[in-house]
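Okay, here we've got a single chain as structure tokens, the form predicted alone, with questions on binding and movement later.
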């Protein structure tokens, strides 16, 4: 086989594999999106229709007073947003300290911190439940925010430590020689080059909290249920409300997809920082 033909054949194989992987990943999401815009009969019609008149009755019902979906959406926004903010602030400060300060057992402490994130969720769940129960936080929004912060903080701290190690120490020292205080050097000189890592860490923490079901089902009360927990209410003894289930899934993934597309440049740069030294 001629080299040119072999090269074309190789590209065809690679593009075919990439196309199959893309179809495999997107087909369930596309199917869910289309089903959320169909009637109950149209959802199960065979052969399936890909061109049809959209029906928004399910979304209108969900966001009506009877559907009460706005309440669950608000709870998800508050719990995931506040916990991500706390995790970013504490993770940034802690990660900077671990990246810059040299002390005995530094590597062991860093590994111990990330090991708490790698532990199975059920292993963390029981101790947290006992502590929160003693503090009266079970069934409260504060307890849910603390639980998400416990989940995200080790990850944020570890990620920011890696990103800060990529920022040369010489920049801080030069800023301090020019008259900046330690905090001013951190804020004006270190944070800007580490911003892609900060954005990537924030988006990932937000996704972890937004998509969580286990923590929310244990620590949230009836008034603080988030969207993933509310989705289970669609499974009743009379059957599954497929239209609302598809619409709920669409609402759950849409904000994260939009956020990922908006900050994709920072996400790629942030996740690639520290990959090559």
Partner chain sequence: MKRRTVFQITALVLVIIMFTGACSSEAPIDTKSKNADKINPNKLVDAPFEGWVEGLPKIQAPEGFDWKQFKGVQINVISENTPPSSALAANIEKFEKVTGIKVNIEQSDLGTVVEKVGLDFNAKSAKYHVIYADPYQILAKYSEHFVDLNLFNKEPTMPHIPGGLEDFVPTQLEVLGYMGNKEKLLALPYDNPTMVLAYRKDVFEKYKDLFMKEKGYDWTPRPGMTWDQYYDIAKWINQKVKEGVITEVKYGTGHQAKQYDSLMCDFSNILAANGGDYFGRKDIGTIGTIDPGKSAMTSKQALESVKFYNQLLKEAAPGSTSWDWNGLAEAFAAGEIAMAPEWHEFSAMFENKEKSKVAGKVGWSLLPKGKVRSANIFGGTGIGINKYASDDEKKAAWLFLVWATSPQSQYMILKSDLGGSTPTRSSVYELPDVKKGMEPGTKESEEMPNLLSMKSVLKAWEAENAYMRPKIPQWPQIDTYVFTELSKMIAGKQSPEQTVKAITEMVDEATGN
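Numbering follows the first chain given and starts at 1. Computed from a predicted structure; not experimentally measured.
The following text describes the form predicted together with the partner chain, which does not appear among the structures shown.
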Contacting member of 123, 130, 177, 118, with respect to the partner chain in the model of the complex [4.5 Å, heavy atom]: 130
4.5 Å heavy atom contact, residue 48 to the partner chain in the model of the complex: no
4.5 angstroms heavy atom contact with the partner chain in the model of the complex for residue 234: yes
Proximity of residue 68 to the partner chain in the model of the complex, heavy atoms at 4.5 Å: no
Residue 89 within 4.5 Å of the partner chain in the model of the complex, heavy atoms: no
Interface stretch in the model of the complex with the partner chain - options 160-168, 99-107, 132-140, 180-188, non-hydrogen atom within 4.5 Å: 132-140
Contact set, 213-228 vs the partner chain in the model of the complex - heavy atom within 4.5 angstroms: 213, 214, 217, 218, 219, 220, 221, 222, 223, 225
